[in-house]
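The form predicted alone is given below as one chain in structure tokens.
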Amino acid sequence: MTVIEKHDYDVVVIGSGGSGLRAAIAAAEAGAKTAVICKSLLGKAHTVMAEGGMAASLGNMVPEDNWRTHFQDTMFGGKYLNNWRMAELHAKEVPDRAIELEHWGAIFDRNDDRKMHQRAFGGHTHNRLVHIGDRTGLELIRTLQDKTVHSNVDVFMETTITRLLKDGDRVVGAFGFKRPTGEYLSFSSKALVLATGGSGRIYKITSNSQDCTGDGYALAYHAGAQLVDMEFVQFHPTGMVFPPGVAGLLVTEAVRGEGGRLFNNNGERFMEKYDPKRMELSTRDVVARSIYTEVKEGRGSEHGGAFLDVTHLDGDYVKTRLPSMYEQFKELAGVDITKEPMQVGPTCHYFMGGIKVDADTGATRVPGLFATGEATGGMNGSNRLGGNSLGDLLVFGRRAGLGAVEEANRIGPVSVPDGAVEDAHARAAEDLAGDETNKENPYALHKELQQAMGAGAGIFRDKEGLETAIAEVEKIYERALNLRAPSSRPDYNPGWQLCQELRNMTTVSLMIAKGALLREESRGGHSRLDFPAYDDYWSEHNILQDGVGPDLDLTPVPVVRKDDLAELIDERKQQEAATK
């Protein structure tokens, strides 16, 4: 008889990136018995790839900077599809979260007056990003990890969650297994927070870690939550393109923030054609499409990218401000970036869409279920500004943790139905029950998914390509339902885990492609070759997604506006019109 290890908590947080750790800290400090479940090891979160800095209107470099300008920049970058309340809360609260992080031990770079230094970044009106060289995410995770382990939070590492457990309509826990041993676990919780990040492994070229497989999106969807604007996928303009083994590895926007320049193979500084005002510090969607276009039209580097050059800057300055980039190119590509340019190209980086939540509490429409960070949609609209992700995870991680505690205190004890655990166990065990008649290989199927999504739902899209991608992914979805691990051993079996991850990724892929087909315009991270312009209707509507399995229900819904912020939006739109 299979033994299932059982645990009971007030609040369970799935995901140990910045948003998950900040949620757990908030819950534990509010008195809740709290656990964090890590898919990998504590501290090995994708948050470390947020290298360039965290945007906060502290005004250390430009005294007139304030939350209103930051709010305007965020809304403009998202092309006004943002959740207005989320953008407001983020802009107002992120300075406090930055200072709080410093009080917890984070070491930021300093100005001569000993205030936190703030650098320029694409889409931001002022120098706004506090940073630690180009290792900001790493310092944030280090600080939050230290705070978490000193806040009496239990941590379950190398644990994969396969299903959320429900009692009626309410989420009351989660089921999964330990990756090193294959032992099963069930968790009961009065409130559960999803902080599972994005799904970059859908695409072949990505900056995302191996664990970014859309788990939270799929778990929430199958539990009855809504998702919003999944068609908006951000391709970061600058990932490594050579050597092949590191293709997609992030080249931080801080390189351009510190003065890096982009050139094509003709030696032309080509951003003059695409955004002569902002140049290399244009928004990420614009720069990514510009590089892609230069390569497509035959002006790319020998390895299929563009040249990013900092050789005009002092070498010691580059090594001080961009130490990781100097080491990364020196070790992996044999390039000294102080003497020769980097070769870079677009890489799948961030998901603007995600689980629909209440801005103030992180609550989904499913009782007991909360979400935060990249797992959620709304804050960034159609395109995220560089530097906004770290502030996002701190502001809304804290709010989701507090929202979960309030829910836990309100409802009292919960119990997980035995049948829910048995069903979850049977499904997970079934993936190990392969035999000779099952020849489907999860690794090969993953490559097919990446090929289909890259070809039909990548940087540029059109109706024919999207319809082809949808048809292919629907077939892959059905095949993934019957997938089995190549090996039946329960311990250290990545094939077993990939079976679950592939079902998650195919679900998310259909959300992306079907949302992209419905949105007949180009906006932010979504570019339609057959509909290249903005459309007035779509400028006012988000796309909500829910349903069962591959049969998604997509519903355009009006953007919810806030009257007290309308004046700021009108002011920015007038500024835009005046510069055209």
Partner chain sequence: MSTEMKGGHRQLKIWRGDRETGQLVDYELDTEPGMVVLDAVLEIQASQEPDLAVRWNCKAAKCGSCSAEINGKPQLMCKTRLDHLPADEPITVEPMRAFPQVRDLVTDVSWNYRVNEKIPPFTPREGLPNEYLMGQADTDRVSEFRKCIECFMCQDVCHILRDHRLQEKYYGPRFMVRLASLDMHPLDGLDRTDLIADQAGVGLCNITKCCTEVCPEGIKITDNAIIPLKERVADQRYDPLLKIFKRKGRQGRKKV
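The term rigid core refers to the most C-alpha atoms you can superpose between the two forms while keeping them within 1.5 Å. None of these values were measured; they are calculated from a predicted model. Numbering follows the first chain given and starts at 1.
Heads up, the form predicted in complex with the partner chain isn't pictured, but that's what we're talking about next.
Peer 1: Answer with one of G419, G105, G267, G168: the residue that has a non-hydrogen atom within 4.5 Å of the partner chain in the predicted bound form.
Peer 2: Flagged contact: G105.
Peer 1: Just one of E474, E340, D462, E440 has a heavy atom within 4.5 Å of the partner chain in the predicted bound form. Which one?
Peer 2: Answer to the contact question: E340.
Peer 1: My question is simply whether F71 lines the interface with the partner chain in the predicted bound form - judged by any non-hydrogen atom within 4.5 Å.
Peer 2: No.
Peer 1: Does at least one non-hydrogen atom of H150 fall within 4.5 angstroms of the partner chain in the predicted bound form?
Peer 2: Yes - in the predicted bound form, heavy atoms of H150 and the partner chain come within 4.5 Å of each other.
Peer 1: Looking in the predicted bound form, any heavy atom of T555 within 4.5 Å of the partner chain?
Peer 2: No.
Peer 1: At the 4.5 Å heavy atom threshold, is L42 in contact with the partner chain in the predicted bound form?
Peer 2: The answer is yes: L42 has a heavy atom within 4.5 Å of the partner chain.
Peer 1: Have a look at 392-400, 235-243, 310-318, 505-513 and name the one stretch with heavy atoms inside 4.5 Å of the partner chain in the predicted bound form.
Peer 2: Comparing against the partner chain in the predicted bound form, the contact stretch is 235-243.
Peer 1: Is every one of R110, P180 and S487 in contact with the partner chain in the predicted bound form, taking contact as a heavy atom within 4.5 Å?
Peer 2: Yes, all three are in contact.
Peer 1: Of 135-158, which residues get within 4.5 Å of the partner chain in the predicted bound form if you count heavy atoms?
Peer 2: Going through 135-158 in order - heavy atoms within 4.5 Å of the partner chain in the predicted bound form - the hits are R135, L138, E139, R142, T143, Q145, D146, V149, H150, M157, E158.
Peer 1: Honestly, after the rigid core fit, is G122 moving at least 2 Å at Cα between this form and the one not shown?
Peer 2: The answer is no, as the C-alpha of G122 shifts between this form and the one not shown by less than 2 Å after core alignment.
Peer 1: State yes or no: after fitting on the rigid core, is the Cα displacement of T148 between this form and the one not shown at least 2 Å?
Peer 2: Shift at T148: below 2 Å after core fit.
Peer 1: Taking the rigid core as reference, does the Cα of H303 move 2 Å or more between this form and the one not shown?
Peer 2: Comparing the forms between this form and the one not shown, which are aligned on their rigid core, H303 does shift its C-alpha by 2 Å or more.
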